[in-house]
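Only one chain is included here, represented as structure tokens and corresponding to the form predicted alone.
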Amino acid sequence: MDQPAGDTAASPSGTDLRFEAIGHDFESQHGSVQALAGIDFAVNAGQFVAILGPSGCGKSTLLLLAAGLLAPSEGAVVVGGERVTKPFTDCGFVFQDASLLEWRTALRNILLQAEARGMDRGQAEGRARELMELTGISGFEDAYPTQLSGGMRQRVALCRALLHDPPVLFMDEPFGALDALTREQMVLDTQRIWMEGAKTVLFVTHDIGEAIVLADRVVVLGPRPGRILEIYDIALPRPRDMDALAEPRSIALQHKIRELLRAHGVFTQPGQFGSCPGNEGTSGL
């Protein structure tokens, strides 16, 4: 496992990310609920790090804390050497739901980012068209969300998140609602886009295989309250495809992660938990 993040300085414009002794509680009608406890790890600038764990372990909460949309009950989030105390706007965010406006075309949904940030319209539109070409949806600029497949809608959402060229990208189970083949293609597309831009990415997933194919490091959280069970470095060469999951090192790592989760009560008996929707029979939690 990683050691707790140190106090090394970084420039204010840096894109490294640190969680320092993070704990977080939610208040409910039944009292306080501890969502996270003792979360301590670092994401280096340009790294792709996946957060893996069962439902309810606080994975999405970590992203909200990193983006400054929640304030931690304990500890601190530090981005580029500066403590996050308010919404961190120099980032992109992709959710499981594409959250497109049905009355706006694909291009105009992407440009919503530009409008919110006061970007130059001409430059933003040029950038949006470049991103649509990069993600394989060029030609659908004037299509409305109801005319797009689930994978195409997620590509629009990804373009919108990348429009302002953020140094940090947060992705919260962005492929969870997609069919198996579309999901695999989105994994490969995301890896390609990341390799071309080398952004710092924090990616939440339930899927072991998805995490191994995409990430430089995988942070495994246990059941609530979410605690780090282990952090694995993924040494597989890039670019990776889904066949990388059949390599002996990968098979051994998948087994090790499942055994770790089983030891912490995530898998209580064979067959009780199926694979992730859209990745049946492969590597889901």
Partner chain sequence: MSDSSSASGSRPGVHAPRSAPARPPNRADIEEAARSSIRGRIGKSVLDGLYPVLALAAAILLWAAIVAAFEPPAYMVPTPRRVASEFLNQWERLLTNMATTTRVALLGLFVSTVLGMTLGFAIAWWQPLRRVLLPPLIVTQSIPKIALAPLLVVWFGYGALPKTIVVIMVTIYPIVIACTTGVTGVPQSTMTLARSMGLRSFALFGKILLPASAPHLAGAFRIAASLALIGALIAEYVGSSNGIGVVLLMAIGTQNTALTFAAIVLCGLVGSFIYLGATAVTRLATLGLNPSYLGSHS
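Positions refer to the first chain, counted from 1. Being a predicted model, the structure only gives us computed values, none of them experimental.
Not on display, but discussed next: the form predicted together with the partner chain.
Contact check at 4.5 Å (heavy atoms) against the partner chain in the predicted complex: all three of L69, D97 and M152 pass. Annotated contact segment (heavy atom within 4.5 Å of the partner chain in the predicted complex): 61 to 69, selected among 61 to 69, 255 to 263, 40 to 48, 219 to 227. In the predicted complex, G136 approaches the partner chain with a heavy atom inside 4.5 Å. In the predicted complex, the partner chain lies within 4.5 Å of some heavy atom of Q113.
Contact between R117 and the partner chain in the predicted complex is found at the 4.5 Å heavy atom cutoff. Although the partner is absent here, A76 sits far enough away that none of its heavy atoms falls within 4.5 Å of the partner chain in the predicted complex. In sequence order, Q185, D189, R192, M195, E196 are the residues of 185 to 199 having a heavy atom within 4.5 Å of the partner chain in the predicted complex; the partner itself is omitted from this view.
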